[in-house]
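One chain comes next, on its own, written out as structure tokens in the form predicted alone.
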């Protein structure tokens, strides 16, 4: 019960303070118990009396923080800073990569590309900051995945403390962080240089052209849905980072977001105008393959089944994400 109480308190405090406060709080509880019983062994009743005197975990955490005025509370502030840094750095790296590739493809226009890079950084980074802050504010005041607000419950008792989660239920910080970096960079590439998704063709003089996978003429119509798809997945990874462990509530959020993702994917890539309708002809024109050759036939077969293959891979991945979370959330 004592360990559960300490865990509940420290989870509401900044990461770098938790270990020290856990030691201090454990010592305080032991001293209070000793005052009541001396050197004897404490009963559950004595422990409950001490914890009731200390107050709910939220009340105790507030005492350690010394303030209650915040837009994004201490429970979410560390994850907020982590996500913000990830998004801003990943976005900068993605835009930098776009600039480098554009400069390689069209060297005479390097000055124009540089100006576009500066404009994208000046306009994009503040927007990213705003969206990340808004998401965490909504989680803060909308309930999100935070622990129950036991401090507002006058009937709080130590019996309401939840068990310390099994290590197998915990989510390594590196997992959502890597996923967020990947999604942000892909979003930047789609938003600023979707024509880079394709087959890069080189000749003796170096780079020649890109044979695009996507239908550039119609892709602007799909852009909002593509960005929505990746944005919802970033939200999912942020929720994992905030929670720090698999719970049935997190599994529920993951299920809803993954289903939404499946619907968006199906809507996007099954459309006739999403993929480049002249992809194989463009490969022939670029000299990558000869029409009618064995390589052409293999490439055509892969291209013809690319939609089914992509849907199958993504579907398997998203369904496994739900199942894996559900299995881990059931562990005591």
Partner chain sequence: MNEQEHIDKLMLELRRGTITIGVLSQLSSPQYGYSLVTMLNEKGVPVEPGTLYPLLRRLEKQGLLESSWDTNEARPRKYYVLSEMGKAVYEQLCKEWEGIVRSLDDLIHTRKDEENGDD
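Definition used throughout: the rigid core is the maximal C-alpha set that superposes within 1.5 Å between two forms. These numbers come from a predicted model, not from an experiment. Positions refer to the first chain, counted from 1.
What follows is about the form predicted in complex with its partner chain, which we do not show.
Q: Pick from 25-33, 302-310, 259-267, 278-286: which stretch has non-hydrogen atoms within 4.5 Å of its partner chain in the model of the complex?
A: Heavy atoms within 4.5 Å of its partner chain in the model of the complex occur in 25-33.
Q: Can you work out whether residue 60 and its partner chain are in contact in the model of the complex, taking contact to mean some heavy atom pair no more than 4.5 Å apart?
A: Because a heavy atom of residue 60 falls inside 4.5 Å of its partner chain in the model of the complex, the answer is yes.
Q: In the model of the complex, does residue 21 have a heavy atom within 4.5 Å of its partner chain?
A: Residue-level check for residue 21: yes, a contact with its partner chain.
Q: Should residue 296 be classed as touching its partner chain in the model of the complex when contacts are defined as heavy atoms within 4.5 Å?
A: Answer no; every heavy atom of residue 296 is more than 4.5 Å from its partner chain in the model of the complex.
Q: Does any heavy atom of residue 54 come within 4.5 Å of a heavy atom of its partner chain in the model of the complex?
A: Although its partner chain is absent here, residue 54 would touch it in the model of the complex, with heavy atoms inside 4.5 Å.
Q: Does superposing the core leave residue 23 with a CA shift of 2 Å or more between this form and the one not shown?
A: Result for residue 23: yes, a 2 Å-plus shift.
Q: Kindly check if the Cα atom of residue 51 is displaced 2 angstroms or more between this form and the one not shown relative to the superposed rigid core.
A: Superposed on the core, residue 51 moves its C-alpha 2 Å or more between this form and the one not shown.
Q: Rigid core aligned, does the Cα position of residue 318 differ by 2 Å or more between this form and the one not shown?
A: Result for residue 318: no, shift under 2 Å.
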